[in-house]
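We begin with a single chain expressed as structure tokens, specifically the form predicted alone.
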């Protein structure tokens, strides 16, 4: 039986929903925010935090992660991943279906929800994966944030790269469809062209900008044909950004990862296969165009595509080295560091990492510091820089492509449902998040 709790945060620099910053207090009761004011005279709080010098943000909602459970727990699991989330200020996540077994049935979805209820320190939601055969599952699955379609960079039954099969899914139902947009036929052709090359940098040529653009064009055309809610995952190229700038229906959204903003093909020389992911890193020009698209609202929000692999796996020569990198511990830091450096504002970071995600996925009462909203909050220090150190990472894979980067915005407190889950470097592993709910998906 849960005990009623009140948390009072005093003297914080609060990011308000209109983007303004104000110094004040926030009171939570149980799982909700109940008051936001310049000063709150409340004397019976269960716990008080003096947040002088710290900035209070809504907790990050990471809308694309691969937490590997069930079936691949040696890379990561829901407990270790949620610990990493708490350390990184991520209070909710949406997880992908390429686990073992695949999340393509209600039974598999229910299993994940049950596992998360027992293991996850933060809030959680799960995608249902599309195959060419599970249309009824896609229509009936509940609760889910949406349908995930791998148009490329996948093998087995989760690969749906045939236009006829895609058409059937887009034509059926109204639930949000999120696409991994890479053209598998082009990738296959280029794999043959570049066969035998073990330099991992070739990855960005095999899965080139054109492969991404072709698939995004197809997804966009099907979305327009059926007026179907579409979300484009981890957009990586200047060409895709310009396509959306010219042609983006109101029901289409797109995301970008920090790695596609901050890393490019020069990273292969420095960190090798740690820079290998799908879709691949691109050029400096792509970085710049994606940044501008994000600033202009062409790209709607940020996701990490947290996809850990072990050091041993990553040490294999290309193409045996797997694609993917962890990200939940560093995403907020990278974006806040960019804000402090003047590349964007703190308010924009809040929108890209919290508010816009909640809106896009119909997650009620998340993503803003407003009375009545859920008390998912993070207090960060924008005044001090520290390096990303491998030995401090909580992800089970134990590495980061941003190792050694000197960043600011480190979370000092992370609060999930009014409970402190991370405090000054220490986790409270007794806290459990809740299953997210989704409207209009």
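Numbering follows the first chain given and starts at 1. All figures in this text were calculated on a predicted structure; none of them were measured in a lab.
Just so it is clear, the following notes concern the form predicted in complex with a small molecule, a form of the same protein that is not shown.
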Heavy atom within 4.5 Å of the small molecule in the predicted bound form - the one residue of 277, 303, 151, 116 that qualifies: 277
Of 321, 98, 105, 131, the one that lies within 4.5 Å of the small molecule in the predicted bound form (heavy atoms): 98
Which of 65-73, 401-409, 387-395, 51-59 sits within 4.5 Å of the small molecule in the predicted bound form, heavy atom basis: 65-73
Close approach of residue 282 to the small molecule in the predicted bound form, 4.5 Å, heavy atom: no
In the predicted bound form, residue 231 touching the small molecule (heavy atom, 4.5 Å): no
Contact flag, residue 307 vs the small molecule in the predicted bound form, heavy atom cut 4.5 Å: yes
4.5 angstroms heavy atom contact with the small molecule in the predicted bound form for residue 366: no
